[in-house]
Each structure stands twice: as structure tokens, then as C-alpha cells.
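What follows is a single chain, given as C-alpha cells, in the form predicted alone.
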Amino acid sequence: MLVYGTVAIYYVMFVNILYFAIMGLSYRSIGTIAKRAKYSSYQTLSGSELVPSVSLLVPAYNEELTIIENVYCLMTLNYPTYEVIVINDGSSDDTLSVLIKEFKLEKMHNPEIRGTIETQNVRGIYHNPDYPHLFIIDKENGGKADSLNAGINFSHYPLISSIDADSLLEKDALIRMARMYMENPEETVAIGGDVRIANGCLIENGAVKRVSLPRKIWPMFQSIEYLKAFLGGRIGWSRMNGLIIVSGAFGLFRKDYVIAVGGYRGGYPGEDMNIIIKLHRYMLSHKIPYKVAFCPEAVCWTQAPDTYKIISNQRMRWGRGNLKNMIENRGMFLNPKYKIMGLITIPYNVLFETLNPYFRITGLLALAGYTLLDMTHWRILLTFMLLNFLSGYLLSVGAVILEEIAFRRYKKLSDLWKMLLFSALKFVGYHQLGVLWRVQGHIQYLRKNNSWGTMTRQSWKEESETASTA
């Protein structure tokens, strides 16, 4: 027991050292990112014919409350040539009918389907010549991955971008991403965008007009969590080309390589991680130079769960997806053939993400047992807990500082204090719940539970009305 407790303590210390190392890489990049965000020539690119054309793929299942504003947002981006393809994945609500009514769509006769990735049956494709770059695919329910594959099959352009139906892109988000792609088009196979929490923001005509922090506690915790994950983590991972995930909310991909790896993997949550792992494997196996990048100045705003039931379902789903991806790709673990992915990223994810809850739970129980059995002093337990809290808090504060250095989207001083406060408060209950949800997700995986779970949306109009009265 004493030996295990010592191992658990060293484990927690080691994982925190790694977290700080990754954040250190983020800090090394933040100066360049800040200059790029401020002085980039993306505005001149928005009218250039040299910018590659993009197909925006929007999987939609029961999204009637947010889909119209999402589509209007996507149709007004600062980008020269692109198309918007909404894939209605057998919704049981009025997602399809509100789209048909709003845009006066009609069913196309004999539409050309270019791709050959197998998907659920496509029932029809809708279009209105008055909106030449908008298409709606209506298909039988098959999940998000299946919807994306259906969109790929119909898409016309060499780049594809996956966007959640409950998300809003900043007008220059796509052109910023394209600029990064154009710097190295031969090697860049995927680029992830930054995802921010839109709860609390003022939304008008499909755009974020005033940035504010959420007023509800669950979205506020997630705002801090997202800052840490995207700015404190993904910038660093992309610097060493070890990024394991591009968020399904907003990412850009070379379509030819996505098709080469067989498209998105359906049948379980975690398709956004799975497609990136497949791209890494393919490029490394074929010895093709490549890069999976992250563009933090390309921002997507998304609705975060605001109730315990919804956020717990979401996090359990993430836990299932992570575990399945690690099990299915166990051959990459410490395999030098896969370079950074095999020697650093996958081992890190297995040891410090997938297995992290078990080390934390058993380590804490072991230390508590030592104290109760008088095998160690209670001050040692308290010191360990305080050091663990301090390291986690400093990581969250480090992400807030990165935000302040490069972007400063939250203008009010009260927002800064609120972020610092919630960076501490999340360790009193929320952090522990995250451990519990991940374990529950693993149990669901063992029980072969692949359900998506309920995600109740609030219309952007309701969100804006709430924000305008705050």
C-alpha cells in the first residue's frame, strides 16, 4: 500500500510537469501567434482567387433551434469561394422543414454524388438557385461521422471544413485558417480552430456582437476548461506535430487524404479524434511529410451544456470515445514507427488522460488510508492536496494569461477576475465530477453503450435576449 501511494504521488507530480512543459511550448509560440492575429494579411486574401475553395460540412440532428442562424452565419463569411452543405441526419424535429421554409428549397433531380464512402441512404438533396452555394442533404440517421461522410461524397471542393450546427464562426475564421494552410499546402493535412463558449454573449444575425462570460455556473467552468485545453494545450502539441484531435466543432481538412483513410469512422463517439489518428497513421506509414496544425486566431463560438444532466452525458460520451480510440490504436503505443505520435502523444494520452482518473482516485484513497492508519501525518496529505491544487490552478491561470497576451476577447476587468476565481473554484467539485464522468464513460464503453445522449439546445435568440438583459 505504501509503495502504491508513493507511485501515485510521483505519477501526479510527473503529469503536472508534462502539463507545464506543453504549456511552455504554447508560450514559446504565443508571440508569433499574437503578431499573426494582429498583422496578418488575411483581409486582402478574402477577395483573392488564389485562396483554395472550401466545402463547409454541417451535420445536423434535431437542430431546429439553432440551424437557421448557423447557416446565415456561414453564408456571410469573409471568404472568396465556398459552399455550405447541411446534412440533416434523420432529425425527428423540424430541422429539415425550417431549412426548406427559410431558404425556399426544392428537391434536386438526379444530383451528382462524387464520392464513394459508404453511408446511410440519402433521401434527397435540396437547393435553391437564389442561394447557389447552399445545399441540404436529407439522409437516414447514421450519426455524426456518417453525416460528414455523406457531405464529403457530395462536396465540390478540395478542402472540407467540419462545423457543428450549434456553432457560429467569426467572419474571418475561415480565411485565417486558409492563410495558415496556404503557407504549406503540400504538407498541411488538417488544421484545428479555437472553440470558445458562446453562452452569455450577445448574438445578432448569426454573429457574436458582444463577448461576455457565461452567467451560469456550468458553462463558466467550461469556458476556463476550453481556454486551458486549446490555448494551454493544443498550441503546444501542434508545435511538435503531436496534435491528437481537431475539434469536431471547427476544423479544416484536405479532402483527398480524408478519403484516402476511408473517411470518418462511424459507430461510436470520438470521430474527431479518430480521423486525426487515422491521418497520422496514414502519413507516417506512407512516409509522407505532413503537418496537423492549430490556428488559435480562427475562432468558433459554440453553445455549452448548461445543466448537470447534459454536461455529464457529454463528458461520459467523450470518455467512451477516448477509451475506444486508445484501445483500437494500441499498436501505436511506444512504436517508433509513428514518431511523435507513437512515442509521446499516444503514451501521454493513455497514461495521463485515459488512466488519469484511476490514478487520482486510488492515489487519494491510499493517502487517506495512510492517514487513518497513522502511517503518515495528516499534514503530508494536506500538503499533497494543496500542491496538486496549486499546480492545476497555475495551469488555468497560465491559459488566461495566454488569452490576455494574444487575443483579449474579454474586455472587462470583471471578466478577468471572474476567470481567475473560477479557475480556483473548479477544483471544488467540478474537477472531481470530471473524474467521475470519465470513469462512468468507460463503464458505458464496457457495456457497449454507444448512445449519443441528450443535448438540449437554446435558440440563439433566447441566448441573446438573456445576454442583453445582463
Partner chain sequence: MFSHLFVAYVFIYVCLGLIGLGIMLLVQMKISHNREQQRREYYEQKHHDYFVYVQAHLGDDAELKLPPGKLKPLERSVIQDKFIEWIEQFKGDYRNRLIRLCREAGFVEADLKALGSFRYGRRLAAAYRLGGMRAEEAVPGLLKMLQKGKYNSISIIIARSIAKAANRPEDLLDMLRSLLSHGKPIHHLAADILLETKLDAGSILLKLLDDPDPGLVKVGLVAMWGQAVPEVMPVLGRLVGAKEKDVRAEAVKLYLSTNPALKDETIVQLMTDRDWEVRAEAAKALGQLHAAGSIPLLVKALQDASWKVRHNSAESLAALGEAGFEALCQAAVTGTGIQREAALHRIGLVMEAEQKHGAIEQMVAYNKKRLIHDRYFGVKQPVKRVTGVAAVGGDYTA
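Numbering follows the first chain given and starts at 1. These numbers come from a predicted model, not from an experiment.
What comes next is about the form predicted in complex with the partner chain, which does not appear here.
J.: Taking the shortest heavy atom distance, is I443 within 4.5 Å of the partner chain in the predicted bound form?
T.: No, I443 stays farther than 4.5 Å from the partner chain in the predicted bound form.
J.: Please check if V428 has a heavy atom lying within 4.5 Å of any heavy atom of the partner chain in the predicted bound form.
T.: So V428 does not count as contacting the partner chain.
J.: Does the partner chain get within 4.5 angstroms of any non-hydrogen atom of P185 in the predicted bound form?
T.: Although the partner chain is absent here, P185 would touch it in the predicted bound form, with heavy atoms inside 4.5 Å.
J.: Indicate whether the partner chain has at least one heavy atom within 4.5 Å of a heavy atom of I17 in the predicted bound form.
T.: I17: yes, in contact with the partner chain in the predicted bound form.
J.: Looking at L343, V122, A368, I100 here, can you tell me which has any non-hydrogen atom within 4.5 angstroms of the partner chain in the predicted bound form?
T.: Flagged contact: V122.
J.: Heavy atom within 4.5 Å of the partner chain in the predicted bound form: which of R317, K144, R265, R179?
T.: Answer to the contact question: R179.
J.: Residues in which of 350-358, 265-273, 112-120, 211-219 have heavy atoms within 4.5 Å of the partner chain in the predicted bound form?
T.: In short, 112-120.
J.: Go through 316-340 residue by residue and record those having a heavy atom within 4.5 Å of the partner chain in the predicted bound form; state none if no residue qualifies.
T.: Read in sequence order, no residue approaches the partner chain (within 4.5 Å, in the predicted bound form).
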